[in-house]
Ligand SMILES: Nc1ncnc2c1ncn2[C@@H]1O[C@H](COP(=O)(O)OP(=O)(O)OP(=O)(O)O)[C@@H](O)[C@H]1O
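Shown below, as structure tokens, is a lone chain in the form predicted on its own; questions about how it binds or moves come after it.
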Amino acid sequence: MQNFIEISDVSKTYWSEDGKTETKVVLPLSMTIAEGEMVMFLGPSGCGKTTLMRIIGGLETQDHGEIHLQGERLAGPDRRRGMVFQSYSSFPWLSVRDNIKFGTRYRKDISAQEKEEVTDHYMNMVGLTRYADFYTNRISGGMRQRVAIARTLASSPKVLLMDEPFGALDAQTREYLQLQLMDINAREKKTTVFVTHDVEEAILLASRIVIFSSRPARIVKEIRVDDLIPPESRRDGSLDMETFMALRADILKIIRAEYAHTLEDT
């Protein structure tokens, strides 16, 4: 299905507590996301890209417009959309294995035995089998983020929503998890919306990059990275660095111009 997710004229405005001051966050915008696409949202800090992602996830309500998933209008959160946040969301009183298994808790499409198999599958996929019996307050931040990703995948969402999931990690752990996510995406073909401030991360992971303006958010440019840099070359490290750096420079130029608009408005 070409239009797996369809966003139609969605906008969002926040109001002050007294109802007198409005802050436009997302201007009316429309876009479609194909099944299996990894779409990266880029833009200046505070531009509204996370708000749009939260609207897609049902955690925020748009003022106008509609969002459809496989032709069905979305209203509120549901199990079809799984979210991974920047903070390490895990249950410290549960082991790594039980945290991941929690993702299967509300699945009625598989048996109890299959839930065990799904848990083992994703625990192995993120490289945590040897830590299965560790409590999550006894493992590193990078490991806890792997637990969060595995738990979300175990719930079998149709859409994976990721809000700067690697933003708080050190450079080495971040690179490791980026490579893991590329591998997971190649295997699972999961439709993903990923918010980031990191241009290199966006180029490395994306099927398509959507660049937003300074707040209120509007789409400035869309770049189909797969047409410029083959996904397999990014996974195996054989990518053309000249093309990579040229694309990075072009994107940074756009974002810097939008960030300048942000400074002008303050």
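Bear in mind that the values here come from a model prediction, so they are computed numbers and not experimental data. Numbering starts at 1 and runs along the sequence shown.
This next part talks about the form predicted together with the named molecule, which is not shown.
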query = Is E188 a contact residue for the named molecule in the predicted complex, using a 4.5 Å heavy atom cut-off?
reply = no
message = in the predicted complex, is there a heavy atom of the named molecule that lies within 4.5 Å of any heavy atom of T50, even though the partner is absent here?
response = yes
ask   = So in the predicted complex, does any heavy atom of D120 sit within 4.5 Å of the named molecule?
value = no
request  = Flag S45 as yes or no: does it have a non-hydrogen atom within 4.5 angstroms of any non-hydrogen atom of the named molecule in the predicted complex?
outcome  = yes
message = Contact check in the predicted complex: V25, E164 and H197 versus the named molecule, with a cutoff of 4.5 Å between any heavy atoms. Do all three pass?
response = yes
ask   = Where, among 37 to 45, 64 to 72, 220 to 228, 235 to 243, do residues come within 4.5 Å of the named molecule in the predicted complex by heavy atom distance?
value = 37 to 45
